[in-house]
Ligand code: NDP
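Consider the single chain below, provided in structure tokens and representing the form predicted on its own.
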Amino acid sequence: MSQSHQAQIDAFMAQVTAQNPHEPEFIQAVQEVAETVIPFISDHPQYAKHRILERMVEPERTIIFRVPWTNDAGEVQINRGYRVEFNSAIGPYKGGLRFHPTVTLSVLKFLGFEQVFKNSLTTLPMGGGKGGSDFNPKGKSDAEVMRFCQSFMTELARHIGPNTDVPAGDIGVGGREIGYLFGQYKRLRNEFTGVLTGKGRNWGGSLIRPEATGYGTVYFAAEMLATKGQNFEGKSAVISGSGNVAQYAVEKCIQMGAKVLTMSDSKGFIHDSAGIDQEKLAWIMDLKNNRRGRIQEYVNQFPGATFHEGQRPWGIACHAAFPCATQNELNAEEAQALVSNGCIVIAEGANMPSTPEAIEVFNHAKVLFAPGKASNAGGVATSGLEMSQNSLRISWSREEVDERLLNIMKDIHSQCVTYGKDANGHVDYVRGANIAGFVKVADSMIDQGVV
């Protein structure tokens, strides 16, 4: 990188940091985009003239509100709710709601900023947003979760709508929570609309939506492997997480002929050298989705496996790695271990799970690395397809939705290659995803004036 470009990046980040103190996750996300987009802007001065990137890092609207609710003991509880409506240049705000104790404004701004680029890459007309609360649904009764969701939606309802802002689920917000949120919105607004995605199949939901993020991540990795004339047949994979994304990434890897060796949760990871097959995956899905158990219970059911308490799976030798748990879960030392052990493809199923130092290791080694804004865009893409079905009052078959998802992931891959291929043929997927996502939003912002 030239000294001139580095000086521009440093000056820009100094301004962003000064305007957003104490928001490390957001600053990290902006830094990653700035390092690739600012050199591109230098070669395309129309974006500098309109100060597009400076406008893009400032949310169009940030909403923070109190969420009071009553627990089963009759005690009043108070949480904080958020909705960050980041950018609506190409469509209504679109992005999930996260209910987790770690939710802060910084985390939601990072997720919302990433969502702008991710949604742009899908080719669907969706802007970027994110929201949630520091409420923890774990250990709460259904009645407590319902009362919280109803209180949360009582405030949020005035800010969202099918043509304004369409939230979805995220960590801590699954089918149960979406149902309670939708019911309260319908009660308040007296209308049945596609205002939330991830809905139940009987009342406007789309087939493949639960599977979409995990499936899409593996579809994207398969496209990367295809550029090297390879596929997943006979390859080994390590996957972190054991929630929705990880579960369906495992399922798609199995379907494509890979042997999945690991899954994890916050307590540690399990390693099954024989491979997690469909029967074992079904047991894990029941454990996590119905019994809400811990992944370490797997070794009692399948004694050939081992549990590694307090550790992450990146030291296990593999051909493919899928970080599907949470942000910054894969550091430089772990990235080097993956590379040294022969890993050739890494696709992020979670949002920003690799630290900047880890990404630098992958780039230096010239392995295939896909950032989450590209590889995990299948979830929001299928949410967009759910919005389309709701608007048309139709329901596509499982095969139709899956085919559309596959084609969207192929198109995202093509965009990344277009903007990320070096002169020697190596594809920098981070640069490709950032620039491809930026151009569509930036051109739309220029068309619409200074708003």
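In case it trips you up, residue 1 is the first one in the sequence shown, and so on. Bear in mind that the values here come from a model prediction, so they are computed numbers and not experimental data.
Form predicted in complex with this ligand: not shown, discussed below.
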So this ligand isn't shown here. In the predicted bound form, which residue out of 242, 197, 87, 262 has a non-hydrogen atom within 4.5 Å of it? 242
Give me the residue from 186, 235, 100, 176 that has a heavy atom within 4.5 Å of this ligand in the predicted bound form. 100
Should residue 122 be counted as a contact of this ligand in the predicted bound form, where contact means heavy atoms within 4.5 Å? no
Closest heavy atom of residue 349 to this ligand in the predicted bound form, within 4.5 Å or not? yes
Taking heavy atoms only, is residue 118 within 4.5 angstroms of this ligand in the predicted bound form? yes
My question is simply whether residue 181 lines the interface with this ligand in the predicted bound form - judged by any non-hydrogen atom within 4.5 Å. no
Specify the contacting stretch among 250 to 258, 167 to 175, 336 to 344, 69 to 77, defined as having any heavy atom within 4.5 Å of this ligand in the predicted bound form. 167 to 175
Look at the candidate spot formed by 138, 288 and 325 and say whether this ligand comes within 4.5 Å of a heavy atom in all three of them in the predicted bound form. yes
So which bits of 204 to 220 sit within 4.5 Å of this ligand in the predicted bound form, heavy atoms only? 209, 213
